[in-house]
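As a starting point, one isolated chain is supplied in C-alpha cells, in the form predicted alone.
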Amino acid sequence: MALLFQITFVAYLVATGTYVLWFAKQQKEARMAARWMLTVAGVLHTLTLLTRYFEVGHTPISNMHEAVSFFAWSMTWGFLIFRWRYRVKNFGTFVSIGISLLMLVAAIASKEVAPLPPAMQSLWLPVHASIAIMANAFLGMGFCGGIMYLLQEREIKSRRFGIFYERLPSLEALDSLNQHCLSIGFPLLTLGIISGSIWAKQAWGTYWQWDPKETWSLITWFIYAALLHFRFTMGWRRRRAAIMSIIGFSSALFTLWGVTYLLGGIHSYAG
C-alpha cells in the first residue's frame, strides 16, 4: 500500500509540473498532457484508497494521513468533474499545486493503522467525514480562485501587464468561479455539520459539546454564510468575495489541522 501511495504522489507531482510548464509556455500539448496525468493520478489515488480500505477494514478517513489523502482525492475529482462544465483558463495549475501540497502533508503524516475508538465505530464515520472533506475540497478550489483573482487584479491595477495578466481569466470569470465553488461547498459544509451533530448525539448523548473542532467548524460556517449573505444582499463580489474565500478556507484548514494539534478535545484522535 505504501508503494502505491508513493507512485500516486509522484503522479501528482508530474501532473503539477506539467501544469506549471503549460502555464509558462502555453503549449497545447502540455495542457493535454497535464490533464491526462492528473486523471491518471486520480485513478491511482482511487486504487490507493481502496487498498487502504481493505487493509484497515473501514473507510480510510480516520486519521490525519487518511483524511488529508481523501482531501486531495476529493479535490482532484471535484476539479476534473467541475471543469466539464466550467472552463477557467489555467485553473488546473493552481488546483494541482494545492493537491500536491495536500499529498505532501499526507506523505509526512503517520500511516500507522490503529484500532478505531468506540465513538468512531459507526456508519456515520464515512457519511460525516466524507461530506465534510468534500466540502473542503470545493472550498479549496474557491480559495485557488480567490488567489487567482487577487493576482489578476494586482496586474490590472499596476498597469504592468506581466505573466499573470495574459494567462489568468478575466476578473468576471474568476468571480463567477468563486460563486460556483461556494454554491457547492457551502451546502456540503452545512450537511457535514448536521451529520456530525447527529453522530455526536448517537456517540455522546448530545448534539453539540462546544468541542474546539466543533466550535471552529461553526466559525468557518459563519464566515461562508456571511459571504453568501453579503453577496446576495449587499452585492459583495470580486475582491471582497475573493478575500472572504481565502479567509474562510484558512479557517477550514485550521479546523482540520490547527485544532487537532494545538487545541485537542474529543476530536484529537484524528491526529
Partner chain sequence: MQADTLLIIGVNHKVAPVEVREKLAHTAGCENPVVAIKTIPGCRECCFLGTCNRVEVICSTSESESTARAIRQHLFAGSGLSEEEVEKYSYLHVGQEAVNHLFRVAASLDSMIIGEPQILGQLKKAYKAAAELSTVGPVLNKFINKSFSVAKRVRTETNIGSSAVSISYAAVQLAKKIFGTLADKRVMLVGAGEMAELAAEHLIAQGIAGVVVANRTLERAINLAQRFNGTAVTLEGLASELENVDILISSTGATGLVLMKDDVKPIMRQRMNRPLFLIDIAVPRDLDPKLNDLDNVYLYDIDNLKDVVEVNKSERNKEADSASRIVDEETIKFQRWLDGMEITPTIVALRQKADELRRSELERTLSQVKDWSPKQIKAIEVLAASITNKMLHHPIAFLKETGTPVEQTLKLDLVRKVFALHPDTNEGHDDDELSS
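The shown structure was predicted, so the numbers you read here are calculated from the model rather than taken from an experiment. Numbering follows the first chain given and starts at 1.
The form predicted together with its partner chain exists for this protein as well; it is not shown, and the discussion that follows is about that form.
- Only one segment in the set 75-83, 108-116, 166-174, 182-190 has residues whose heavy atoms sit within 4.5 Å of its partner chain in the predicted bound form; it is 166-174.
- Interface residue among T233, Q27, Q202, Q209, judged by heavy atoms within 4.5 Å of its partner chain in the predicted bound form: T233.
- Contact check at 4.5 Å (heavy atoms) against its partner chain in the predicted bound form: all three of Q152, R159 and R239 pass.
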